[in-house]
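In the structure tokens that follow, a single protein chain appears in two forms: structure 1, then structure 2.
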Structure 1
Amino acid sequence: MVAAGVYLIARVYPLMQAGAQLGGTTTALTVVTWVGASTAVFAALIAVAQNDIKRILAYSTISQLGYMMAGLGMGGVAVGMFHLITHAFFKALLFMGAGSVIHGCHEEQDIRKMGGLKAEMPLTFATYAVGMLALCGFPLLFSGFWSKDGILEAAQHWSVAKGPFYMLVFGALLTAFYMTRQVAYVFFGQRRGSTPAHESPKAMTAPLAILAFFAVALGFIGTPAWPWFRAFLEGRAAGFDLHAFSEPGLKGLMATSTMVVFLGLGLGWWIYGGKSPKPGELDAMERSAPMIWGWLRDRLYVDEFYGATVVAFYGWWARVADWVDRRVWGGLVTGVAWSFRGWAQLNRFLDNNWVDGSFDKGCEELSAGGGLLARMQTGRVQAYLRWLALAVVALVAILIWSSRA
């Protein structure tokens, strides 16, 4: 569900690339690139000041989705999808590791109330460290390094602008910083919880170990020396060639990426490593820059802005729709209902007074005439003979009267 948008862009990539010149781009891919780079930085900034262990990972996921989108926009399907595949494993490892921490800390999710879990949860710590280093893009050993460097390489050679490259580098710095902060809060320093923690059972730690293995191993199918994943998507065989590392600018990019990761890890450890705040004590960055920290802690007021704009608009539109429904459409429906009710009453009046009256009168006359004839049909031969005699007398009288006339 989370990565559905990335997969969708990858599937329709030929349509979005249609019309581009050789080595060029299109308006659609340019928009995807800028939106992705902006998202990578924006979500990473918010993750810096969060205290919920899962919320940090959630905003980290949004940031990495921005990386994937930028990779699709600048480098194509193989670049964006390779980071999607590697990220799926090490971010699943981190989320499951966070679940293990929450379980071991008796459902506690606030990292300010943890600390010192390295000794109490060694297996969770070891696997979480692997996921954290893979997410940060620790050089050479972890899959995140190779997939993220593929995106940075595409950004470095993007002919449209250099802005996304610098934004993504800054996002990588922030990623290493906030993940070091999280690990320092959770696993190092002194225990700040009210109850002792415990290691999770094997049903939880065994999947962590499996995911940790793939968080390392998957990187080797996308190295410049053996780009198997790209070759697989392009339907060709992948060869192994160490000379690929000598491509122009590649070593410099790897050195830059490595320095950025080490800088983020170093800053995070310098500020938070072994200096866990006491319960109720402010964060180190919160003390030094409270205003900026407040903005980041409150998610740059995105929720408030969304509520004041989109939610407010839809609330107003809902009231307009309600008024139209009640006053306009409801009035029309009521008018139609009253017209049909009046027509029904008119039909009832005509039916009761004209149709039924005429029919009933005709039926009464027929009934009376039928009753008279019925009295004549008695079934007695003597009566029939009397009527016949009277008829003969009447006929004779008529004939006599006619002959005299």
Structure 2
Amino acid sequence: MVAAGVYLIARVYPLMQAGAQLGGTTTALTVVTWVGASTAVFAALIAVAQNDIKRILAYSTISQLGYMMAGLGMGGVAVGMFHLITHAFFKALLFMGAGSVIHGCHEEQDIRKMGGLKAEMPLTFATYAVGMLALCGFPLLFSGFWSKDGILEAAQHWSVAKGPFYMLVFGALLTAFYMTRQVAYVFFGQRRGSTPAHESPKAMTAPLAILAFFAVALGFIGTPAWPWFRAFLEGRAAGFDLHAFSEPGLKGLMATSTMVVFLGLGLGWWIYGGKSPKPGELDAMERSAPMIWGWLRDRLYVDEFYGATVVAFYGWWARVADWVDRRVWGGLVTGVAWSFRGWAQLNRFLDNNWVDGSFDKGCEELSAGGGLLARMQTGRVQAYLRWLALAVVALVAILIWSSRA
């Protein structure tokens, strides 16, 4: 699955190459190269100090993906894709071998608690060794040698800078070193587990054997003498030509690469060969450079870096978004609602005290007047008659007064 990214770069290679002069390169490809070479070294360094059998392989995969990217950047599609194909087989072999080891050791993944498994798991050991040698790029026989050499060759001829070449050579040294460390811990030395290990069933070892075959055989479709794979990708027939080996610089490169591999294997064996660290004992490298070892063991703090930047920002910004929603926008809405409510209260006050107040005052006076009249409406006929008589008298008096003339 992880190869998908490499494949994508290969697929969009024409885009990456757009605008390149003949024999030149583009900024995009230069970036791909540097990123690839740095990844190769960075991940290989981390792989040196890991103790989980699968974690070592995982960092190794990242490192090899870096090689593929660098190969794409400097050598083109065929170089990168060839390493992708060979790596797919030997890395699958290694991961399945690791699975077989873990199964045989009762779900133990810590290489410090294994050891001496080559006697108990001979088939797994043999196939794992093939995968490991292919990954290290053991000369001539193994596929990893040919595909990695293709990349190194491209790096050697790269016109922009020589840095990637040296980085990739250093990466090859580290690869051989950490794989030797792993194999030495897992398969050599004394058995350190509490329960005896057992070889895995055929269902597990048979695929290992098949993959081991390809981890060797695939190399031969991409040698300089018979570059069938490159020809296949470029859509032409491949010719067999042993003279290709006598191209200037190629033999020197193969010799360098071989030396680097042997140096890595030798260093690894010298430090870790036949050692059986007791539980709790420090790693041989850890004793000599504890600080650097600590950095590498803690994976150069990449996870911590992302945790402190991206993840922290993600959570913090989520709280900000929520806060802005609740306090600022929600607050504005509430503020508007409250101001409306305040306005309503003010209206009520004005209504009650001024508008209604004066109206009520008028009503009070009216009802007071009404009360006066009501007192006159006593319901007694005699009283009404008295008023009537008085009124008649008054009317008559007015009549007389007015007709006096």
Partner chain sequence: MSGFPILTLLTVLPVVGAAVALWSGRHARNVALITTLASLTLALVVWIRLPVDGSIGLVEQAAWAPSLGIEYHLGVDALGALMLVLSAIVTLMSVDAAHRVHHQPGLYFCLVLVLEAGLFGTFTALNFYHWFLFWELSLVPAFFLIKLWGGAKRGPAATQFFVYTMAGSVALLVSFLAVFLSTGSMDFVHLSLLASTGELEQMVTAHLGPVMLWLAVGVLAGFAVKVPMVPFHTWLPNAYAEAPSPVTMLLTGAMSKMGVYGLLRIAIPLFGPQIAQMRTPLLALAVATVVMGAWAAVAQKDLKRVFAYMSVNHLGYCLLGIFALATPAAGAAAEASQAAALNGVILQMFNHGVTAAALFWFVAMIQTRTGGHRGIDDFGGLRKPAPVLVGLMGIALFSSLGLPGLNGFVGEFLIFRGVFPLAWVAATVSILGLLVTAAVILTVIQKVFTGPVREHLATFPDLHHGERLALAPVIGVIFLLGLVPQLVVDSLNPTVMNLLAHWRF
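Counting starts at 1 with the first residue of structure 1 and goes up one by one along its sequence. Here the rigid core means the biggest group of C-alpha atoms that line up within 1.5 Å when the two forms are laid on top of each other. The structure presented is a predicted model; accordingly, all values stated were derived computationally and were not measured.
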query	finding
Chain form predicted together with the partner chain, by structure number	2
Large Cα move at residue 290 between structures 1 and 2, threshold 2 Å, rigid core	no
CA of residue 333, rigid core aligned, shift of 2 Å or more between structures 1 and 2	yes
After fitting the core, residue 31 CA displacement of 2 Å or more between structures 1 and 2	no
